[in-house]
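Just one chain follows, in the form predicted alone, and it is written as structure tokens.
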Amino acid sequence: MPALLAVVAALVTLAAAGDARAQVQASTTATYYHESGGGLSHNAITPSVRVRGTIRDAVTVRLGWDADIVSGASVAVVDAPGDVDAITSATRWSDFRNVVSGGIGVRGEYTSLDVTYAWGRESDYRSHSFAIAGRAELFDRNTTFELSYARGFDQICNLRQPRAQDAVDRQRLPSSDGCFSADDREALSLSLQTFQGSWTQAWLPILTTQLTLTAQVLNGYQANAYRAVWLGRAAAQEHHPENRVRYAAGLGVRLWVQPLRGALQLFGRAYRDTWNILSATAELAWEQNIAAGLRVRVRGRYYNQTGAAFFSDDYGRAPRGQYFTGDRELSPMSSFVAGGRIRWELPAGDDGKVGPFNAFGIAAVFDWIKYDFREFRYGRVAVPNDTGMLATLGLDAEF
């Protein structure tokens, strides 16, 4: 992996220094997410860096780095009995994740092919993945088709327990200490395959649509090793099916309104999976040109889903077969997002540059999120951390 990253970095440097027709683009973002309410909270800081070099408009090499610095509190035993206050006795946790990626793309006049590899690591999770994507433009570039395939190979740390043991007797993982090295820990596999196709069509100079179809196949461990569920007589590590297939279809519409110098954007998405979750998403947005290089976008999004077939709010009283979960996001739920984005591309000087750069842009995003977990409880207590906010600041430059 270090050798691959060194090669990609060297190609970018060569493109910047040795070819008059080479371009180098660099961007960095920092995202902060905070979820709060009651005695539970969640915080995540996600920095990222991207570098891309293009040689003679034909070959592009990419290098990226992402990290997640996360902390919060979570309920270790969902629906614990007696006088135990699940909220005040929540377990504090923190983790740090690194993902490094590299890729190469080849472009023709109307077609392109891109290949990407990513490597990720955190204290209790390891991942390798690759993706290949092809793109073709037809009919004077009014029609674009894209196909992609991604493959992931993940390893999840868990407490070593006899696999023949009944799920109701398995204990939760107490901490990430010793993961991937201690004798009382084991690594469980998760395989992911994602297929996606999209059709983008410019019907008129002011009207564009995009249809996207996605399918994902997952096989392996998909539960939270740290979470247990009270089953009536004892608590057991939550137990999810090992196989899951997801399907989704999304349609986006963008209409340019010339008198207002802005664009109306509509998006809808339908989803279902073999765990019997069905969901629908609807989004409405408006993007406005304020001045040369300055754009503002505001949006509202609504999401609603059913619960998994094996979800129960109280497995001690209402078991749902061999599987059980303490994941609130597998329950019937909905959410509403309101937010906006502002982007400013700094104007060029008389020499066509922005200081030492060919181009330079600044973007800021803010979203407010409200969740409604209408059937999920911690004992008798509704989910307290049902409000979130997300803020992102990004910079990008072209050399």
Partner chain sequence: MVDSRSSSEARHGAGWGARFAWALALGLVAACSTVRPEDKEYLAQPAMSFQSGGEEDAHGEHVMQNREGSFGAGAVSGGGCGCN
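Predicted model, so just to flag it, every value in this text is computed and none were measured. Residue numbers count along the first chain shown, from 1.
One more form of this protein exists, namely the form predicted in complex with the partner chain; it is left out here, but the text below deals with it.
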{"property": "Residue (of A167, V106, V115, L207) lying close to the partner chain in the model of the complex, criterion heavy atoms within 4.5 Å", "result": "L207"}
{"property": "Partner-contacting position among F180, F96, Y271, Y149 - heavy atom within 4.5 Å of the partner chain in the model of the complex", "result": "Y271"}
{"property": "Triplet T31, R50 and R254 all within 4.5 Å of the partner chain in the model of the complex via a heavy atom", "result": "yes"}
{"property": "Contact label in the model of the complex: K353 to the partner chain, heavy atom within 4.5 Å", "result": "no"}
{"property": "Heavy atom of R301 within 4.5 Å of the partner chain in the model of the complex", "result": "yes"}
{"property": "Proximity of S312 to the partner chain in the model of the complex, heavy atoms at 4.5 Å", "result": "no"}
{"property": "Partner proximity in the model of the complex: V337 to the partner chain, non-hydrogen atom cutoff 4.5 Å", "result": "yes"}
{"property": "Heavy atom contacts to the partner chain in the model of the complex at 4.5 Å, residues of 385-399 in sequence order", "result": "L390, T392, G394"}
